[in-house]
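Next up is one chain by itself, shown in structure tokens, the form predicted alone.
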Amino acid sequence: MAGPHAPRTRRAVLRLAALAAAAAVIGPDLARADAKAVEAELKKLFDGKTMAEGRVKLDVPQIAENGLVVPITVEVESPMTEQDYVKAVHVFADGNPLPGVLSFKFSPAAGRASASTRMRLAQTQNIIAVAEMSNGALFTAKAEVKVTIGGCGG
């Protein structure tokens, strides 16, 4: 009778412990994006268009004591008129399993191109925000968030 409460052999327990240790050591590194993955995603989305610094304000903490709930606010300078507005803001992280973290869509009716949320970061990494304007222009901002555990360096 092999149920969840059945006694396990020593060999089975050691095998499970070895698998768990291997997953903890090897697994996280296999499931992380990097700067190249972010670049590839940006190229796929924007077909290699030039991105200019400015107009995007990315507000993230320099140090996050809890990587599970990292606050992020993105704001883009724009008149938000029918002729000139922010279509979308895309946020990327170069240390998460998938580089694309989130996207905010806007229209002139929004009145202001600003959004806030929280995201999960497993490690210290760069956060990149790209604003896509109605005329096709792209603006970007970048910030590093250092994820610590209990206030200790990490």
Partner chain sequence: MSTRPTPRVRVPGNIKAGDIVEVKTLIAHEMESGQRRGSDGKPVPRRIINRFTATFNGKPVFEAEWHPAISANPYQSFFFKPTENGELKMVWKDDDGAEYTATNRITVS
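Since this is a predicted model, take the numbers as computed values, not measurements. Residue numbers count along the first chain shown, from 1.
There is another form of the same protein, the form predicted in complex with the partner chain; it is not shown, and what comes next is about it.
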Identify whether the partner chain in the predicted bound form is within 4.5 Å of every residue in the set G100, A110 and M119, based on non-hydrogen atoms. yes
Would K105 count as touching the partner chain in the predicted bound form under a 4.5 Å heavy atom rule? yes
Do S114 and the partner chain come within 4.5 Å of each other in the predicted bound form, heavy atoms counted? yes
Decide whether V69 counts as a contact residue for the partner chain in the predicted bound form under a heavy atom distance cut-off of 4.5 Å. yes
